[in-house]
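First, one chain by itself: the form predicted alone, in structure tokens.
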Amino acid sequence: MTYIHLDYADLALAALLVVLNGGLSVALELGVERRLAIAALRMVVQLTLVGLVLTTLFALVSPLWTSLAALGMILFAGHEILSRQDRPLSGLWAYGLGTGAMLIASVSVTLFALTTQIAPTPWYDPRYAIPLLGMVLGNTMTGISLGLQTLTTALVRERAAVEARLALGATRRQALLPPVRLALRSAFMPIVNTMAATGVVSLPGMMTGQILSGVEPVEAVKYQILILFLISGGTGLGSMAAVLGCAHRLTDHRHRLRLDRLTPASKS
């Protein structure tokens, strides 16, 4: 198997492309050069720290430390979901719903893959568990974020229509069905587009990395297909749980719409 070693000079050479983008931003007065520099620096620091942490985890091969690392990833992803909502649920629901749905979906799908298709020894080997969870988690986070944002936006926008259906005798499930369907379509769209374009428009990062490291293309394709199936499952389960949970929270047992359970809109 061929392995191409990268040194710091290679990375510095590639970083010139980011500097070029910053120069274009200055020349065209786009105003994004500062954000671009901060994002690039943050990416380098984060990945360097992740590399050090993973090196330690790979050496320990401990179910406790692997679980703690996975929990940390999930908690941070939950914060990202919350930060992407214009009007999140109030109280503990704001953080708990998205995080809980993501935890259940991503962990279930990852454990399913680790104990069946991939089956490393031991099954909690962080060399397999952490990267796999990270891929499923990232896409599930995106799906849940889009689903919740679409649902709350649609309910605020279509409040009169929803309340009219309720007043005419519809149950809360029937009244909220159109915005729920819209939210779930939005949640599924990124992974649907990814699967539709993969292999024709783009080569995914995992597959490209395996090929560059010397893995036979056919074997890399098998792993990439598996990963996309797992991501699809995690996105579907997590988005369904989050959107339906949010819809349930924004109504009550008397079949009333409860938008007062959302945080107030920002005056800005």
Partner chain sequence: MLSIRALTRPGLEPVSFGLAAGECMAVRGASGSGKSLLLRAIADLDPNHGDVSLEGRSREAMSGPEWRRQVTYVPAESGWWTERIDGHFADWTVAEPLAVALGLPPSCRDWPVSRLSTGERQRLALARALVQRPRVLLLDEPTSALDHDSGKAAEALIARHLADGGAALWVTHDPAQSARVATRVLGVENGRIREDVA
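This structure is a prediction, so every number in the text was calculated from the model and none was measured. Residue numbers count along the first chain shown, from 1.
The form predicted in complex with its partner chain exists for this protein as well; it is not shown, and the discussion that follows is about that form.
Proximity to its partner chain in the predicted bound form, defined as a heavy atom within 4.5 Å, singles out one entry of 94, 74, 180, 166, which is 166. Although the partner is absent here, residue 119 lies well away from its partner chain in the predicted bound form, with no heavy atom inside 4.5 Å.
The closest heavy atom approach of residue 115 to its partner chain in the predicted bound form falls outside 4.5 Å.
Although the partner is absent here, residue 248 lies well away from its partner chain in the predicted bound form, with no heavy atom inside 4.5 Å. A residue is said to contact a partner when one of its heavy atoms sits within 4.5 Å of a partner heavy atom; residue 197 fails this definition for its partner chain in the predicted bound form, lying far away. Residue heavy atoms within 4.5 Å of its partner chain in the predicted bound form occur in exactly one stretch of 256 to 264, 240 to 248, 20 to 28, 7 to 15, and that stretch is 256 to 264.
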